[in-house]
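Structure 1 and structure 2, given next as structure tokens, are two forms of the same protein chain, each shown alone.
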Structure 1
Amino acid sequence: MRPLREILAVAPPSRRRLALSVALGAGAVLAAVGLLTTSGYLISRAAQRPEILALGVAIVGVRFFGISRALLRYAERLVSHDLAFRALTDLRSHLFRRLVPLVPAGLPGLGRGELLGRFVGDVDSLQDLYLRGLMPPAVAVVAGAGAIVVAFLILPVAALVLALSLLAAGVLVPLVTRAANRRAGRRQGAARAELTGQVLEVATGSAELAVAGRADDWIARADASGARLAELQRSDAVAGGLAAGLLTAIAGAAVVVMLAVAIPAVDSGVLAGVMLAALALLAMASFEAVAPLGVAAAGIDACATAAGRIEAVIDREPPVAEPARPLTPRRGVLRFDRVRFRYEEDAPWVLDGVDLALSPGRAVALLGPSGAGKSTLAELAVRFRDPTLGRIELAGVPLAAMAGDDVRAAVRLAPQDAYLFTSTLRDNVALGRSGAGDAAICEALEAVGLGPWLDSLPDGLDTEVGEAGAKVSGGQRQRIAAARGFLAAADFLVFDEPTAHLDPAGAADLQRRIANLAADDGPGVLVITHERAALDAFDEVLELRAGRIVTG
């Protein structure tokens, strides 16, 4: 249960809403108890054919309890679901905040489908923690105690019978149903995540699967995963049916025992005969208080599994640690001093003694073969990772002494696989600078060579780029990503392979445009590329070989 406690600590429910939900839920159950108890009395008393006025109070009571039960149940559903959804919103916000520093360096062992399953499916599963795990036990205690008090006022020995019956149902039913459902509940989260991942792979890779003629194979895999999840859900349904059947059996036995102790009381004159049916129906209605406990127990292991899967993500240590008292970055030289880096302790060095100085107003091209560590160097420059050995400084201040957001405000990275969001051209370029106006966005697009294309678009900046930029070409995608860098008000701009998907003429044009950014005391520009066109536009050309930088 530790993961559940951790989740409740991260996203605690509102105490006020929780108390109100319990009060409304208990009120709805007690209204049901009052409805059936009063109905039992009314039926028995009406059989004696008294004056109609003698039944007035009972008739009003039946109407009151019937209406109040519906209203209280509606209000309880409204408040309890509002509580759960607010808590899930807080949990998603916390999970997203924890993911932000983890994602740039990657999440080993977690694919996109798996991460989506945890962020969506597992979080959604935890609504049962709030709706079925917290409120039903409290409602059962409050409403059960109220029903026992009512029974005591009618016949003290009946209160004892009802208390023992409710205790048996409240303990035995959850234990049995949880034991029956434990294995399926624990495996549902993983099965659901596996199915989500496979569906995501089929959807995103549909073109490749169709070309290779393997669509049926992958659909069959997804079908098999869906069948496994359905089997686990059937086990869950069996456990729910077991809970309902066992509860009905205990409730029926309670009514029989209640009648067994009440009939002698009627014979002895201790209990009025018209109250016999009232007691029997009171016992039946009281079990509404403990009815949700079996279903809650059946799902508690699924909640615990989902909480554990979420905890496994949010408890990961970020690749870089934020300083307790971060220093403010100043404009100056971005310097790599004997930087060494490797991904694991026994792995070979990716960077092995890199020395690099990048000054504002200078454009530097960094060449190197694929796998030489150029992208790793770019990630170090924006502090997605920290060097294993050596120092990276900005104006003499170590990057490790600055907040990550401050570093990335001063040093902006345009990654090789820059993502285009499913939105407009305006929104995608404006990602480079918050609050940028249309004029600045158009200027950035013009600067990267997309001016004529922009002018040809009927919707202009309102043009939708499609999912992951599906409605634009590869070259246009690269230039849009570069436009973000042009728009950014940063001291240094790092472009990682900005000319991918461009023809030689287009690559040379874009590299020359990027190099010109550093002119007139502009930002420092570092272009990581394998494209040797337009290198004369740069102030310095370097090459990364065997983990070290040499003059190109």
Structure 2
Amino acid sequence: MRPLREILAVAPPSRRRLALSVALGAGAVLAAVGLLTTSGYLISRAAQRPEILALGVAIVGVRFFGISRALLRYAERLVSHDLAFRALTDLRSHLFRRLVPLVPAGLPGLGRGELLGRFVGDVDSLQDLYLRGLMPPAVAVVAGAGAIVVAFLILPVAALVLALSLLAAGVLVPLVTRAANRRAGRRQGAARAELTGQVLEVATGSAELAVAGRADDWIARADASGARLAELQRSDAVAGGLAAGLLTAIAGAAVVVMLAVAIPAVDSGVLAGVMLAALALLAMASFEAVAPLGVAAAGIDACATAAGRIEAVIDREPPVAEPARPLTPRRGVLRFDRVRFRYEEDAPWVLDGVDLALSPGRAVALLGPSGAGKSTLAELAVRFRDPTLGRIELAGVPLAAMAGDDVRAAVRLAPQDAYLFTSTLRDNVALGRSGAGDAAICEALEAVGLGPWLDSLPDGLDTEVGEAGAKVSGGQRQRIAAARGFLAAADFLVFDEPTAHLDPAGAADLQRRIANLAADDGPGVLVITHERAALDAFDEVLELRAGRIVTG
């Protein structure tokens, strides 16, 4: 329950709205109780054949309760849904903010599918927390108490019967539901996330699976996950059935007990006979107050699991600690000083004493075998990770003393596997500089050699690039990411393999243009590359080999 409390603390529902919706919900239940009780009295009284006029008050009462019941219910639903949506909105953006510092280095062992499953599926399931989890118990308490008071006014001992039976239903039904689906409720979220991961894998790798003739295996896998989920839902269904059945049975039994105490009271003259039907109907109607509690118990359990799974992600220690009092970066040399880095405690060193100095206005090319640690070095330069040993300084100040976002504003990385968002070409390039105008965007696209392609697009900058860039070619994707770097106004630009997938002429041209960015007192440029064309445009060519920098 702890994660649930944390979630509630993050997205607290407004007290006023909560109180209002509970009041409305309880009012609706009590109006229904009033309706049946009054009509029970009405017809019993009528059976004594009084003047029709004597029934007037009861008839009006019946109508009043009927109409107010409907209106209260409508208002309650609006208020409570509004409350739930507000809370969910807060929650989404809050969780996203908590996730930000953990990416890319802070989530080892957690795949993209799993992550997305948790963040989309589990967050959505928290939507039920307010509507189906928290509200019903509050309504049950208020409305139940109201019904008991009414019973007390009619016959004190009836209040006792009603109180006990409502309590029995209110406690027993949730307990049984929870016991029946404890495991199922807990595991559903995990099963859902697993399925999400599988579907994502299938969606991204469908062509390869089809060509490799493995489609059937993956279908079987997804079917197995789907079957597991269905299995869990089945046990959930049994729990739901138990809750519903138990409630009906207890309500019926309560009416029997109510009659058993009320009939002697009529006999002994403590209770007027006209009130007998009213009491029986009161008992029946009151159970509406506790009816949603079974579902609520299951809902709270499921939400607690979802919250726990989310907490397990965002409670991780950010891999890079933000300084308490960050210094602002100044323009100067970006220096790696005997930097050593490894991914795990006793893994071999990926970087094993890297010394490197980048200065504004100078262009450096970094070569090196695949897997040598070039991309790792780039991640260190923008403080996505900290060196295991040694230090990295900007203008003499350690990167660790500056806020990560400030470092990344000063040192801009165009990553090797840059992500293209499901949006337009314009939005994707404009990521490089917020508020960039169309002219600047076109210029950047021109600079990376995409000018002719842009001209050929019927929708121009409005062209959708598809999910994760599915609608552009490999080289185009790489260059769109590079174009972001061309737009950026940073002191250092780091490009990780911008020319992969380009034809030789295009690659040489792009490489030269990137090197030229440094000219005329421009930013410092570091290009990680395997492309040996146009290396003469760089001020320095280095190579990363066996964890160290050697001059190329």
Partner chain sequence: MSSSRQDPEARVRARATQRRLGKASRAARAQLAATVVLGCLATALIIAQATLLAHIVVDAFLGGASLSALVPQLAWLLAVSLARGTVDLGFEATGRIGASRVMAELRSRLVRHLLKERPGALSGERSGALAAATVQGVDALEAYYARYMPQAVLAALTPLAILAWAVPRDWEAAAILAVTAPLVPVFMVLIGRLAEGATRRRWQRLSRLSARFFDLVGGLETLRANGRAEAQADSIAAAGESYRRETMATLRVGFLSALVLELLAMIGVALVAATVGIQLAEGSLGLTAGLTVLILAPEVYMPLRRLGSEFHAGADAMAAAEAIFEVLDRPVAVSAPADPIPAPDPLDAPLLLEGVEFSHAGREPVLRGVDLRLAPGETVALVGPSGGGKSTLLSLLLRLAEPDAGAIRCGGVDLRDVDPEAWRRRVAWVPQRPTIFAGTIADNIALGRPDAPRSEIEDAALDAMLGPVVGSLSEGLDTRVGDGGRRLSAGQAQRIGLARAFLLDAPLLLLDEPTAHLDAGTEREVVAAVEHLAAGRTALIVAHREAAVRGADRVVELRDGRITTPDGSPSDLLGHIWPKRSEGLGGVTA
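Every value quoted in this text rests on a predicted model; they were computed, and no experiment measured them. Along the sequence of structure 1, residues get numbers from 1 upward. Take the two forms, superpose them, and find the largest set of C-alpha atoms that agree within 1.5 Å; that set is the rigid core.
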* Asked: Where's the form predicted together with the partner chain, in 1 or in 2?
  -> 2
* **Core-superposed comparison between the two structures, residue 45 Cα displacement 2 Å or beyond** => yes
* Is there a C-alpha shift of 2 Å or more at residue 375 between the two structures once the rigid core is superposed? -> no
* Can we say the CA of residue 268 moves by at least 2 Å between the two structures when the core is superposed? -> yes
* Keeping the rigid core fixed, what distance in angstrom separates the two C-alpha positions of residue 9 between the two structures? -> 2.4
